[in-house]
Every structure is written in C-alpha cells, then in structure tokens.
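A lone chain, given as structure tokens: the form predicted alone.
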C-alpha cells in the first residue's frame, strides 16, 4: 500500500485531548495537502476524531479551525498553486477560507468506537494506561481486516507489550510526539522486536512530511525523554526533601525549582515542568517504568503525598496551566503549595529568604529566553558555567550537583542502550524540552 493510500481512513483516538487535538491538526492538514496535490480525481479521504467526550470534540473543532488558519497563512504560495484551477478564488483570504473548509470537511467527530471500523491507520493518543490502550485497539481489531497500522503516542509503555497484548503481530510503532505536537519538532520513534519494517518506513516518511526531527529510541520503558525527565524529578524531589530538614517544604520546592530554571538556564524548573505535564501523569509514567528497572526504584513519595492532597497540575482544555506544586496567574508562577497548611504561599513571601540562602547568580548569568537565540550562546554558557563552578554558594553547589546528575542520567540511557548515542540524548533534550544545551556536556562532565 502506497503512502497516500494509508490515509484512506484514519482515526485519532483521544482526539479531544491536548495531544490528540494537536495530532489531529497535523494529520488533517497532511491529508488535505495530499488530496490537493493529487487532484480531485483521486480517492476520498476520511479522518475520524474519536473521543469519549462530545464536549471535548466540539472544542477541538474550534481549535482545529483556528490552527488551520495559521497553517494556511504560512503556506499561501503553495495554496495558490493547488487552487490555480479555481477562477473564483482570487484574494488570499478567499484561498485561505477555502483551505480551512476543505480541511474541516475531512474531519468527522464521534464518541463511538464503531466509527473506527475499517481504519487503515490509527493514531492512539489516550492516557498513559496500558490496559486502556490495549482495550481500545482490540475493539478496533474485532471489526478489522488485520491490516490496520497503529501509531501510538505512548511516552513510556514498551511497544512490544502493547503489540503482544493486542495481538497485532508487529502492526504498531511508537510515534511519540512532544507537546504541543503542532509546534514541537521532535518525534521519538520506537520499534518493537517484531515491528513491521514497512510501518517503520512509513513512519519515517510521515515524520518527513510533517517536518519532524526523528530520534530513534530502544523499546525500553520511558524511552529517552521520560527516561531522563522522570529521573530528574526524582533527583529534584530528593534535593527538596533534604532542604526541608532545615527549611519549610514549600520553600525547599521553590528553591529547587528556581535553581533548575534560572541557575541551570532552562525554560522551566523541574517542578514547574512537572506541573505542566501533570503530577498524576508523571506518577503513571513512573508506575509504568518502575517494574522494568531492576537496579533502581522509580517511585516518588513526594508526588504521592501531593496527589493525596489534591495537587495535580496539568492543563485546562484551552491550554492554560492548572495549579499544581505552584499556583499560576496568566501563566506565571505566583504561589507555591505548602503541604503543611494545604494553601499556596505567595512567591513574594519566599523570594527574599530564598535569595539569602542560595546567594547571587554567577557572573555572566543570562536568562534562558535571551540565551536560546544568542549567536554567541556556546561561548557565553561556557563562561557562565565556569563561573558557577568556581562559586561556593548554596545555589551554585545545588546547580552543579543537578548538572552532574543530569549528565549521569543521559549517560545511563546510552549505557542501557535506550539511546544509540550521546548525541541522541542531547537532541531529545535540546529539541523536545527546548534546553539551551544537552545534558551530556563539557560544562558539568
């Protein structure tokens, strides 16, 4: 079956969620582009947006319309070529509106699994629950011809386990988009032992069409991205617990996050990033990974305690940040959760004490937003981290410990053969997490 033929009927499972909605956008525009490029005489295409929530599906249609307009505005030259036989489409805005309409006509929404019958391709983006993923795949398989290909967005579950449990005989591959899928350039591609080589070839072709950078990861729970991220959460929680021997826990959480954001020159601190993903999601990922790790425990008691108190984080349907370890106002941290009082303490009340404890930033400190696009980024980071290592302040020591541990995690992923090379580990953190430098670097190693 040719590349284009695979899109005859496509289903996106979990299309009402943030990841599913982003994947839906990418596939909807790819299908429409294929239809336009191959002319109107070609086969019809069908895209099913499937979710348990009818409300979420209504929201995703609104989201899709908005996002497709942005896509159209960026590719107006190409659209003019595709619509050059339409004498009624003259102005750019007319072409853009036509394209939006053509994309939207391809998408059908449904809350019934029956809608997925006969799918040639299924993108699975439901919650990180192995049982749920297998259950839904089996339901599709019951009415299928045994030829459907599945691209799962799992970020931690071994592909071979899903393959065996669903009885797919190699018709599933890990195609892990990063959040948000339409913006992030990275895809982790995970093949199981028996993955169909034609499916792997198709996946590379699709990634190229979507302008994604592919990094291969071995089929080991957590893969590269979460293999690194989850272990960093554990190290950050351990640091916070140690600091809590001498300081209130909420202040300890704030200090670790501040160091991992500002001192480490990253876009988010470790606990803000945990909020972004969701504490419950991180807990589930660790539960998936833990049984596969013979020599280490991937269990975070701090996250367990916070979840028991109702601290969850995650995102609202409109993409705004929910309160978690931190409270947020217009996307910015304005408070930190105190497990003792079960209330949020305003950042203003902890900042001054935190500065006194951690000390001043090393000479040459530049915030992530400024350094990430600086053409002299490498030289400035080398100078900054040299100054950091020379300091003996609490903040500097914490940052060095964290940087060295981050490098050890990266090297562990190579030693475990999760990643083929140090370069692949660095690419995932640089591209998927927007870091200014990879964890395996000359600054800390």
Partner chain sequence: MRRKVYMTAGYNTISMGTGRKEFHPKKPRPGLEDYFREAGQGTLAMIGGGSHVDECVVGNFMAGRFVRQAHLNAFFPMIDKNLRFKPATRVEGACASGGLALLSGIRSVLAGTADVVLALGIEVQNSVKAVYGADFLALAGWFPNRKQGHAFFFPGQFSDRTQAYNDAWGKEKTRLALARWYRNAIENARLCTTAQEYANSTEDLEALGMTEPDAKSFTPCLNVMDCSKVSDGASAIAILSEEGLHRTGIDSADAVEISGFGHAVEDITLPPTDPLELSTIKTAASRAMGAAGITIEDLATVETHDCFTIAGILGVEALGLAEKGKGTDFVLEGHTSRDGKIPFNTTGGLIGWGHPTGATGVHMAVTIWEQLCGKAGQAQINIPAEQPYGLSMNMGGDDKTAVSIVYKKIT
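Residue numbers count along the first chain shown, from 1. None of these values were measured; they are calculated from a predicted model.
Not pictured, yet referred to below: the form predicted together with its partner chain.
Proximity of residue 69 to its partner chain in the model of the complex: non-hydrogen atoms within 4.5 Å are present.
Contact annotation for residue 83: at least one heavy atom lies within 4.5 Å of its partner chain in the model of the complex.
By the criterion of a heavy atom within 4.5 Å, residue 76 is counted among the residues contacting its partner chain in the model of the complex.
By the criterion of a heavy atom within 4.5 Å, residue 183 is excluded from the residues contacting its partner chain in the model of the complex. With the partner omitted here, the stretch from 337 to 345, 92 to 100, 169 to 177, 195 to 203 that lies within 4.5 Å of its partner chain by heavy atoms in the model of the complex is 92 to 100.
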